[in-house]
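One chain is shown next in structure tokens, namely the form predicted on its own.
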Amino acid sequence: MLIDWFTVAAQALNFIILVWLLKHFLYKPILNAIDSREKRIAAELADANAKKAEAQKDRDEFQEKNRVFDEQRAALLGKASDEANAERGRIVGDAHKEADSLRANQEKALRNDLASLGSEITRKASEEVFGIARKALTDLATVSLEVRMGEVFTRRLRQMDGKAKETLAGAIRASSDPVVVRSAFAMPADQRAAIQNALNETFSAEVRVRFETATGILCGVELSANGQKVGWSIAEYLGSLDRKVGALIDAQSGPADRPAPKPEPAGTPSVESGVPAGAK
């Protein structure tokens, strides 16, 4: 078989032309399109990766913020819980203190009320006792009893101590009025003479005396001269006992201790300053 080299050359030229035409008009645009698409895809992938990285970064930041927020919230909740517990403890403690203080005040007030009530009852009872004693002695007082009291007064007048005697003597000398001797009943003449003699002997002088009757004197005799008084009666004992009992009640019911009154000697009449005789 003979080869037609012209035909072969023509076909080869046609093939080369076809390849060039395909390359120039078909493959090159396709390759360019493929390159452009690959570049676009690569750019989109890069942009997607960048966005993904940014999104991951945002996610990490969000998670970090959430973690910090959770920690802060837990810390705040713990602090608030501690403060609430502390405040509750303080309020409960204050309430207990106020309750204890109120209870103590109420108990103190109750004790004071009971003490006051007891003191008042004791005081009323003592007043009633002394009142009954005074009334009973007043009802029992007689002339003979008063005479006996005058004898006791005369004897004790002679037994006056130096200071009381000097005080009364000065009052007698300083007064131009007679000495006043009072008793609940009128004294008999012999009793008046006995008192007159006791005064003259005691003060070594002639003492002018005026005898009076005073219903307020209970079982006793009272002598007054220029504002000075000396006397002895059961009423004085009752009054002294009444004052001592009252002082004792006050000392038991009051917050401060008060010294008890000292007892006066029963054997010596006392000299007191009073209003001048005749001023009543």
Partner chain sequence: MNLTSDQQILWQHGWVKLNGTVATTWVMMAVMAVGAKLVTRKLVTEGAISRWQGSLEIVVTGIEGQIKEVGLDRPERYLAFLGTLFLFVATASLCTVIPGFKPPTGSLSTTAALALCVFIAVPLFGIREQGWGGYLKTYTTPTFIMLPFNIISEFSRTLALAVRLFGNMMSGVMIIAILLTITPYIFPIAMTALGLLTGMVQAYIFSILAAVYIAAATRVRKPMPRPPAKASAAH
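These numbers were taken from a predicted model, which means no experiment stands behind them. Numbering follows the first chain given and starts at 1.
The same protein has a further form, the form predicted together with the partner chain, not shown here; the description that follows concerns it.
Across the proposed site, 49, 56 and 78 without exception lack any heavy atom within 4.5 Å of the partner chain in the model of the complex.
The partner chain is not shown here, but in the model of the complex it comes within 4.5 Å of a heavy atom of residue 29. Contact annotation: residue 248 falls outside 4.5 Å of the partner chain in the model of the complex, judged by heavy atom distances. Interface membership of residue 37, defined by any non-hydrogen atom within 4.5 Å of the partner chain in the model of the complex, is confirmed.
When contacts are judged by a 4.5 Å heavy atom cut-off, residue 33 counts as touching the partner chain in the model of the complex.
Contact annotation for 11 to 50: residues with any non-hydrogen atom within 4.5 angstroms of the partner chain in the model of the complex are 11, 12, 14, 15, 17, 18, 19, 21, 22, 23, 25, 26, 27, 29, 30, 31, 33, 34, 36, 37, 40, listed in sequence order.
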